[in-house]
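Next comes just one chain, in structure tokens: the form predicted alone.
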Amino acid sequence: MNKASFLLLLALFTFVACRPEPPVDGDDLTDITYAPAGYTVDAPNGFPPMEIPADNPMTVQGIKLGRHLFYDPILSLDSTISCSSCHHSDKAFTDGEVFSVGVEGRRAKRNSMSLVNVGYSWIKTREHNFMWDGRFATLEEQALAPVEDFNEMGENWENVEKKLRNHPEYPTLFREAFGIDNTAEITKYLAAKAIAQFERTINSAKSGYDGDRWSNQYMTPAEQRGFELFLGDAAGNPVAKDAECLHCHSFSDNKALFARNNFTNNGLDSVASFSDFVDKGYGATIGDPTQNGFFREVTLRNIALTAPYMHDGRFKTLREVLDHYATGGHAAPNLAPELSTSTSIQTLTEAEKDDLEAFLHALTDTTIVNRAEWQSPF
């Protein structure tokens, strides 16, 4: 071996020998400063202060960790899928797919839901808040599910915990966020808490509607006419045509969400009996066949960005949605009474549908795409 080769090998050996080792499961972290800074969610226009679970207070460090986890495919089986794979900021944190794509090209069983204003969708006195079928009470519970869903991330939390404990950066981030003393304390529950903290920062109320509501200047005449149809009799005019939207998408008593946080059969399928629903939805969650075919009523904020629509993504456009409701929905023993008894929405003209659709577009907050604090940290 010549001198040059010897020196090259020596340098390589020295580099490998001196390179910092990743943390080992159980490594002490107490030399890392733990000084969490409290974080208060800025309430969007018309929204009250957000209710935060007592066991997961918001901190700058917790949000930072949650943002990293949200965008990191390390949570998935093959490191190809992250939370952000199904929740894109330019689509109001949906993905534009009928059914989301998971590991190995597997397809989820339902359409991806928006995360915008999701922190305001929590009613702490209820057991059923999140997902199309309401199977999770809290965001923390929901954040645990995709990792072990076969069609989504296809991993198991035991493996994910090992990956996080042995990662060169996550032990420090977990220490800074939650004050753990060693890497063995990194758990799926802390990871879920961090992701939930980040999701509670994704709030939006800077649309044309909001501008009009506060400064009376931003909605176009067509959007204003659509708003009056949306309000119907609630606008104070008893002879106004009512598009019947407020029944499921009220905003005055539901924190300006344009959703009442409930579950309904909105007439998507014609069935003769409760057992005939192919996807039983909320009824299966609560074990009540009379509520089979019920699904969550989604917020209308940013609705123009979240196509395709419904739990199964069956409608490609907002116009298809309006046309569906204009039919009164398909017959079922538990069809929402607002549809089964309504006639006003069925008399909408095409021009009135144009106006109503224009108003729905006025609920789009175009700033959500550019907010740096919601983008990938990588």
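Just so you know, these numbers come straight off a predicted model, no measurement behind them. Just count from 1 along the sequence shown to find any residue number.
Omitted from view is the form predicted in complex with a small molecule, to which the following refers.
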property: Heavy atom of each of Ala43, Ile202 and Ala284 within 4.5 Å of the small molecule in the predicted complex; result: no
property: Interface segment, criterion being heavy atoms within 4.5 Å of the small molecule in the predicted complex, picked from 194-202, 284-292, 166-174, 181-189; result: 194-202
property: Leu300: touches the small molecule in the predicted complex, heavy atom cutoff 4.5 angstroms; result: yes
property: The small molecule contact at Glu155 in the predicted complex, heavy atom, 4.5 Å; result: no
property: Interface membership of Leu29, the small molecule in the predicted complex, 4.5 Å heavy atom rule; result: no
property: Partner contact for Arg135 in the predicted complex: the small molecule, 4.5 angstroms, heavy atom; result: yes
property: Partner-contacting position among Val271, Val101, Ala222, Leu77 - heavy atom within 4.5 Å of the small molecule in the predicted complex; result: Val101
